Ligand code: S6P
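Here's a solo chain for you in structure tokens, the form predicted on its own.
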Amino acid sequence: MKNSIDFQTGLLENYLEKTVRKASDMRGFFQDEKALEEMISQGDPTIYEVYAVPNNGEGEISYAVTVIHPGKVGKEFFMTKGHYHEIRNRGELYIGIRGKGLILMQKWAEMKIENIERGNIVYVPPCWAHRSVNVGSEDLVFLAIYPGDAGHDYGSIAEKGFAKIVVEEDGGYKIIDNPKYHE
């Protein structure tokens, strides 16, 4: 099967799995729960989508295109849930296709934050949780490449959160401490 990415739209052709995360799927991930519930009641918009070609198994490579739509819940920008890899000693590579965003990476109390936009390559080292945030006015689209046996652990992030969040301030963004974060 031939796979390719349309670099105008950012869409992956011939993907095998599609995941759609609506606002209702993101309960517990955003700070302003009241704003999230209002958003859900007014149509439950899609926050992000993932188009994947999984190749499960040791030695295999999986890849996916993620599209995070522009928007905010309260003052907090749309983002992915974030995850660790189930097999912690697996890294990941992100390549920006379109839009403007950030990749937040966390390993215990240590944080790294990288810009992601067209042409940028961001390396997520093994054992680091990672989350993507759209801080622009158009879709943030990127290609993720990761070991096929890495797996995704969303539960640890749902339980503890990330130490930092990204909020709108003065027409831009600001990275602040997450008041709900606990180690």
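When you see a residue number, it is the position in the sequence shown, counting from 1. All figures in this text were calculated on a predicted structure; none of them were measured in a lab.
Beyond the structure shown, there is the form predicted in complex with this ligand, which is absent from this document and is the topic of what follows.
At a distance threshold of 4.5 angstroms between non-hydrogen atoms, Gly99 is out of contact with this ligand in the model of the complex. In the model of the complex, this ligand lies farther than 4.5 Å from every heavy atom of Phe30. Using a 4.5 angstroms threshold between heavy atoms, His152 counts as touching this ligand in the model of the complex. Although the partner is absent from this view, Gln106 stays clear of this ligand in the model of the complex, with no non-hydrogen atom inside 4.5 angstroms. Of the candidate stretches 133-141, 36-44, 152-160, 53-61, only 152-160 contains residues with a heavy atom within 4.5 Å of this ligand in the model of the complex. If you take 56-85 and check each residue for a heavy atom within 4.5 Å of this ligand in the model of the complex, you get Ala64, Thr66, Thr80, Lys81, Gly82, His83, His85, in sequence order.
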